[in-house]
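In C-alpha cells, one chain follows: the form predicted on its own.
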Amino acid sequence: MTLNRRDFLKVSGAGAAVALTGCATQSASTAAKGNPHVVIVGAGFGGATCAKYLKQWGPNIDVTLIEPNDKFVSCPISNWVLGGIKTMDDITHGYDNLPKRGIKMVKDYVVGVDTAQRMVKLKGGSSIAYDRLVLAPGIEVLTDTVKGFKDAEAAGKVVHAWKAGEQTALLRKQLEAMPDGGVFVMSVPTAPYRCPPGPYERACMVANYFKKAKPKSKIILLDGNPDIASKKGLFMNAWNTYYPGMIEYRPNNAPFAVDGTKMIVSTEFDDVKGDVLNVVPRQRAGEVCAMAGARNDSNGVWCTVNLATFESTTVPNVHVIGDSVLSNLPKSGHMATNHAKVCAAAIVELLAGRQPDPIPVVANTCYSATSDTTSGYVANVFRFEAGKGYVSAPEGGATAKGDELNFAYNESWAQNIWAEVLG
C-alpha cells in the first residue's frame, strides 16, 4: 500500500475533510427533534479526543462526556514515574479546556445502559438519553484470574499499576523503600493487553533506577507470552547494553497465584520470591461495554466493531473505541486517538444521513524509553480494507536501539498528544 500526500493529510486530520462536509446539514428526523446528542463514556485518550472532534466537526451536535475522575492521568509516560524520571504531577492534567469547546462534562459512574431506549444510567440516579453512544472505558484488569491477588492488593503488597494513578505512586514508593540487593518481580500478561511494549519499558525504567540507586538489585520478569511481545530488538539491546545481569527474563511464565504475606509469585514452573511484586493480570474490555451488550467476541472479553465506523457489530448506535476493541491494531494511547477521530467523523456523517468514509486511514506511533536518556519507537500507518480490516503500509517500522534524539522526540510526543487529547 503506497500513501500519497492526501493519505497523510487524512491521517493527521483523521477524516477532517469528510467531517467538515458533515457540519452543513442533518437528517430530517434528527432536525425534527432538535440537535442530535452523542454521549461518550470515558475521558481518556479515546473518549476526550472523540468529544473534542465531534464538537469541532459537528458544532450542531450536543456532546456529553461522562468521566468519574477529576483529572486525566496518562498511562503513557507513567513508567517514567517508576524510574524517577517524571513525577505524578508531570503526567496529571485537568479537563478545563473541554467545557470551553462546548462539551458538557458529567462527573459520575455509569451503572447501566438501556440500548433499546437509548439511555445511560448514572450512579448518582439520573439518566441521559442519546442518539449515539461512544464507549471508551479502556480496560478492566482481571485480578480474580490470579489467586490471592485481591487480598494482596488490598493489603498493599502487590499492585498492577496498569491504570496510571494511585497504584503508580504506590509502586514507586515501594521501589524506593526496597533495600539494595532486593528483588523486583514483575509480570507481563498474555496478549492481547493494553500497551504491548509497556511491561518491557517498565523493566528498563526500574533497572535504570536500580543502576543508580540500588545497583545490587535484580529484576525477574515473568512473561505469560512465549517471547517479548513488542520491540524485541529494542529491549534486548537495552538490557544487554545498559543492564547486563540485572534483568532475568522468563518467557512462558504467567503467574497464577500471589502470596502477599510471603511475597511470592507462583507460576507453573516455580515460586518466585521478591521484595516488591508487580503482577499485571490479563485484561478485557471495560465493564460498561458489558452493560451495553458490546463485549461480544466469542469469549465475551473484547468488543467487535465495524472498523470503518467503530459501531458495535451487535448493538446499533453504540460505538466502542480504544483498548476495548478487538482488532489487529495495537492497544495504545496514540491509536485510541485515531479510533476517536475516525469514529467522530463517522458519527457526524451518520447523523447527517450520509455514508462515512469507507476506507479510513489511521496511524500509530509508540515510543519506549530504554534509559533516562534514550528511547526507541515503532510507527505504522494503516488503511481500512473491506474484508481485511486495517492493513499496514510497508513504510512503517521500528528502531533497533534507543538513542538520545528519540528520547527528545518521546518527550515531545507526550506533550503534543496530551495537548491534542485535552484541547
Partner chain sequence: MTIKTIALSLAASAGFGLAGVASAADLHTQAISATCMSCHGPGGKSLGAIPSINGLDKDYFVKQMKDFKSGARQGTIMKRHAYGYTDAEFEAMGAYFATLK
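Positions refer to the first chain, counted from 1. If you're wondering where the values come from, they're calculated on a predicted model, not measured in any experiment.
Although not depicted, the form predicted in complex with its partner chain is the subject of the following passage.
The closest non-hydrogen atom of A386 lies beyond 4.5 Å of its partner chain in the model of the complex.
At least one heavy atom of N364 is located within 4.5 Å of its partner chain in the model of the complex.
Within this chain, P68 is remote from the site of its partner chain in the model of the complex, having no heavy atom within 4.5 Å. Although the partner is absent from this view, G34 stays clear of its partner chain in the model of the complex, with no non-hydrogen atom inside 4.5 angstroms. Interface residue among S78, S324, T337, N278 relative to its partner chain in the model of the complex, by the heavy atom within 4.5 Å criterion: T337. Not one of P137, M178 and T190 comes within 4.5 Å of its partner chain in the model of the complex, counting any heavy atom. Partner contact region in the model of the complex: 345-353, out of 295-303, 182-190, 222-230, 345-353, criterion any non-hydrogen atom within 4.5 Å of its partner chain. Heavy atoms closer than or equal to 4.5 Å to its partner chain in the model of the complex belong, across 400-423, to the residues L405, N406, A408, Y409, S412, W413, Q415, N416, I417, A419, E420, ordered by sequence position.
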